[in-house]
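Next up: a single chain in structure tokens, the form predicted on its own.
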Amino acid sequence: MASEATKRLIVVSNRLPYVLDRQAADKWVLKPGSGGLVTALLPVLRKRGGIWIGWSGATEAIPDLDNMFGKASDEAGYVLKPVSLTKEEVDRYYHGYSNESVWPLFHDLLSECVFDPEYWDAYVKVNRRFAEVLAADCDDDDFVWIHDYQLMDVAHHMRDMCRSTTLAYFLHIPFPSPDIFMKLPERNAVLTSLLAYDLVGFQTRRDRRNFIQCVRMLVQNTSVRPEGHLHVIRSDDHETFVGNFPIGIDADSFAASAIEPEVEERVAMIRSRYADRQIVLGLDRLDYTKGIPERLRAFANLLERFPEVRGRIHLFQVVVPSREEIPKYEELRVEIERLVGNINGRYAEVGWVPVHYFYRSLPSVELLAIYRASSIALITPLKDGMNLVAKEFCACSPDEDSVLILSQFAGAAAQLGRAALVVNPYDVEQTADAIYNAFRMTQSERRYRMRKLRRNIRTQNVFWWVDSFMRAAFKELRDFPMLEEYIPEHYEHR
């Protein structure tokens, strides 16, 4: 039997870390994905040997798909196992239950929820398929780490198959308070599913507290006790450890990329074009949880109440297209563009346009350059599990001459709130005041605040997150401060 320190790691997520790209009607290529999760787990998967299970991204038969993933597995150094889904399953399990039921409810936006029994049926069916693929590829000695709200039900099916594999789960989005969670028709089934895991991780203490309160209110025959920095929920004859583990980014990598020559050249061009003006950056995926209309109204309030900033400040609002198949997202895009047009129509002057609007993904160099050239980041979601854009902005500020304005409802506020300017995004005047205060802030105060922010995100980075989660999962390692063997050589723990 393998020791806890040498167990093989199996990662399960909705999507694989490789993206299928159609280049012609019958020609597909497989490209590596990016992101903090892939970056953090890669050295662990390679060291332990591992498997990553997820949906391939296709809803149709693709010739030679197994061969493509086989070659990608050889290059990655771990095995990629695709799960097949039909278009109807994607519509009901992913677009339906995951993104029209769970996503808005867990972000406290009940008015956006759609509860359809067919959605739940599809969710259970797809989660069971993930469990079947997992059961076929794992041994009882493996350590399985399942990710996010699309796959809450996997452990339940694994236990039905009488599998005793160690199953850990991490929720990347918030977990709602009991009064919100009670609205979910399948609330008891979801809690029962989550309690089938051996470890359940959340982003913040608030999320952990909400989950434990829901269990106490809704699940019979359970007990909760603290154990170190974790809580243990005993339900029947099973124990589930529960903790909060705030996810980070690869801060050193972002910092290094932000000073590469190509980026420096682009930054100089932006600063030259907008000399003597401050850029306020809003960068979001298209989603009603991000508070983009509220942010635009706050910026309009700033221009109305503080006319001295006109001609001296710009809002760069970047919106990355997302979930365009869902009608509410298209309605949101139309509203955003209407507000941008209204602000520019009312306040623009010859030689100065207040809002620059981008509805597209930005290439890496352009994104890094805008991070660096911006004087203020306006990160104001109505609710967010963490919000890594706030951390990326700080990592890409080597001059330490910028200000982070952060929503109190972002998970990142628990870590960064003391050095950021924290606002209630529903309060447009408070947000406008924060922009004005950031605009007028002295260079010394900016540097003091940004230095603290950068120190935090470098210390509690994505490798620290993986380490803290695995330490909680493996009993024999909980008393050790770091798992240095899983951290890349370029990372120096501070």
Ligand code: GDG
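Not measured: the values here are computed from a predicted model. Each residue number is its position in the shown sequence, starting from 1.
Omitted from view is the form predicted together with GDP-alpha-D-glucose, to which the following refers.
Screening 381 to 389, 268 to 276, 138 to 146, 82 to 90 for residues having heavy atoms within 4.5 Å of GDP-alpha-D-glucose in the model of the complex returns a single hit, 381 to 389.
The candidate site formed by 290, 361 and 371 is fully in contact with GDP-alpha-D-glucose in the model of the complex, as each residue has a non-hydrogen atom within 4.5 angstroms of it. Contact check for residue 103: a heavy atom falls within 4.5 Å of GDP-alpha-D-glucose in the model of the complex. GDP-alpha-D-glucose is not drawn, but in the model of the complex it has a heavy atom within 4.5 Å of residue 367. GDP-alpha-D-glucose in the model of the complex is approached by residue 320, whose closest heavy atom lies within 4.5 angstroms of it.
Proximity of residue 285 to GDP-alpha-D-glucose in the model of the complex falls within the 4.5 Å heavy atom cutoff. Checked against GDP-alpha-D-glucose in the model of the complex, the candidates 247, 419, 281, 199 yield a single residue with a heavy atom inside 4.5 Å, and that residue is 247.
Just one of 173, 404, 191, 355 comes within 4.5 Å of GDP-alpha-D-glucose in the model of the complex, counting any heavy atom, and that one is 173. Shown here without GDP-alpha-D-glucose, the chain has only 203 in 180 to 211 lying with a heavy atom within 4.5 Å of that partner in the model of the complex.
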